[in-house]
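Next up is one chain by itself, shown in structure tokens, the form predicted alone.
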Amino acid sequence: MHACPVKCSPQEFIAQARAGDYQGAIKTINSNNPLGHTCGLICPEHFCVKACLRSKIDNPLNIPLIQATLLKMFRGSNDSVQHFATNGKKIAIIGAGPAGLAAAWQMLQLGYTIKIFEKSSSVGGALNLIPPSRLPHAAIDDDWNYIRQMGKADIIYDCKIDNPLELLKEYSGVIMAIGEQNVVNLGVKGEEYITPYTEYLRYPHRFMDKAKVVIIGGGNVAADCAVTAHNLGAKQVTMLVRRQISNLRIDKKELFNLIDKGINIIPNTRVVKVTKTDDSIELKTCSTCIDEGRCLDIPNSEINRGKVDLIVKAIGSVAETPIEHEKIIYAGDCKIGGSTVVEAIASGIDSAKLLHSRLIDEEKEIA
């Protein structure tokens, strides 16, 4: 429980499930994690699984999968949803990703009416970039359906908010859960010929004819890009990583999945130049080394990697400059940087509590 960013208690819900009290297990999960189904399918090993004492005997329990399975099987009943009366105040949330949905969940419990503004056409935010093989969209829908039943909550899709301050004319407060919308640039010549991961994962069908694909990056997003390329039929998929394989920011199971699919991972490598030819792309790389924690280029190590059909950059993203206003609160990746889904959920909950406390303090001052 203490290893979980939202303090969900695996011991409690597993014990309840073992005793046949499935609705009790569901309520235990729901009391701390509003996106338990989604979280259970993609939560990394370094939280509750790493802390599981069973690992001192043989192997840790797959706690996230147990959680996801319980919710998939037994959360269909309205009996597992607690309903909350409204307090007459409205809150606007910009972004329907995990942080925004978690903030809505917390605000509904406090009695607020929630309106979520989402610039895309579906709920989930960046979760929609994760391949369906790893996260079926039905899990996201399941979590949202649970949240919206708790009170008055709705999402307006295909709605981009350019000026959040305008919302304060109608809403008591605004929670910004817009994620990191700007992809990090490599800063190399020919970068305009490299495809951002956001475009690649959102519209994978546009790249189905690419036989040789190179992914730049070594995190979960880069791994998702590599698996997507493999699933689209690419004959050769290569990941170029600046650091060592031991420093990859992915779970062991994800690494083994890449290996099983024949995806080539080349460590200690940095792209230095990209050139566009008539029908393909050429790239040049150099070797890197780690010196006192810094990743440095090795002099005179540049080589030509030959021609490929597609290069995708997945080295991270950055948030927009925040608006300073006491009634505009930021949550999720746009506040804490790139994070796991459960960390984004925790941030959304904390931001909702912060906004509520400020609104309460304002009421006290007026009184």
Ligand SMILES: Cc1cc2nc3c(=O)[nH]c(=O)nc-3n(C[C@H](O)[C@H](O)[C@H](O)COP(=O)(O)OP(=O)(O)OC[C@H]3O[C@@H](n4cnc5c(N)ncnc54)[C@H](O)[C@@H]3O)c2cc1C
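From a predicted model like this one, the values you see are computed outputs, not experimental measurements. Quick note: we count residues from 1 along the sequence shown, nothing fancier.
Although not depicted, the form predicted in complex with this ligand is the subject of the following passage.
Check your understanding: Contact between residue 286 and this ligand in the predicted bound form at 4.5 Å, heavy atoms?
Key -> Heavy-atom contact with this ligand at 4.5 Å: absent for residue 286.
Exercise for review: Find out whether any non-hydrogen atom of residue 48 is located within 4.5 angstroms of this ligand in the predicted bound form, and reply yes or no.
Suggested key: Because no heavy atom of residue 48 falls inside 4.5 Å of this ligand in the predicted bound form, the answer is no.
Review point. Is residue 44 close to this ligand in the predicted bound form, meaning a heavy atom pair under 4.5 Å apart or at it?
Key: Result yes; residue 44 sits at the interface with this ligand in the predicted bound form.
Check your understanding: Going by a heavy atom distance of 4.5 Å, is residue 159 a contact of this ligand in the predicted bound form?
Key -> So residue 159 counts as contacting this ligand.
Practice item. Please name which of the stretches 294 to 302, 338 to 346, 24 to 32, 64 to 72 has residues with heavy atoms lying within 4.5 Å of this ligand in the predicted bound form. Key: Only one stretch passes the 4.5 Å heavy-atom test: 338 to 346.
Review point. So which of 124, 151, 218, 173 reaches within 4.5 angstroms of this ligand in the predicted bound form, heavy atom to heavy atom?
Key: None of the others qualify; the residue that does is 124.
Exercise for review: Would you kindly say which of 90, 230, 243, 119 lies with a heavy atom within 4.5 Å of this ligand in the predicted bound form?
Suggested key: Exactly one listed residue reaches within 4.5 Å, namely 119.
**Study point:** in the predicted bound form: members of 1 to 22 within 4.5 Å of this ligand, any heavy atom
**Key:** Result: empty, none.
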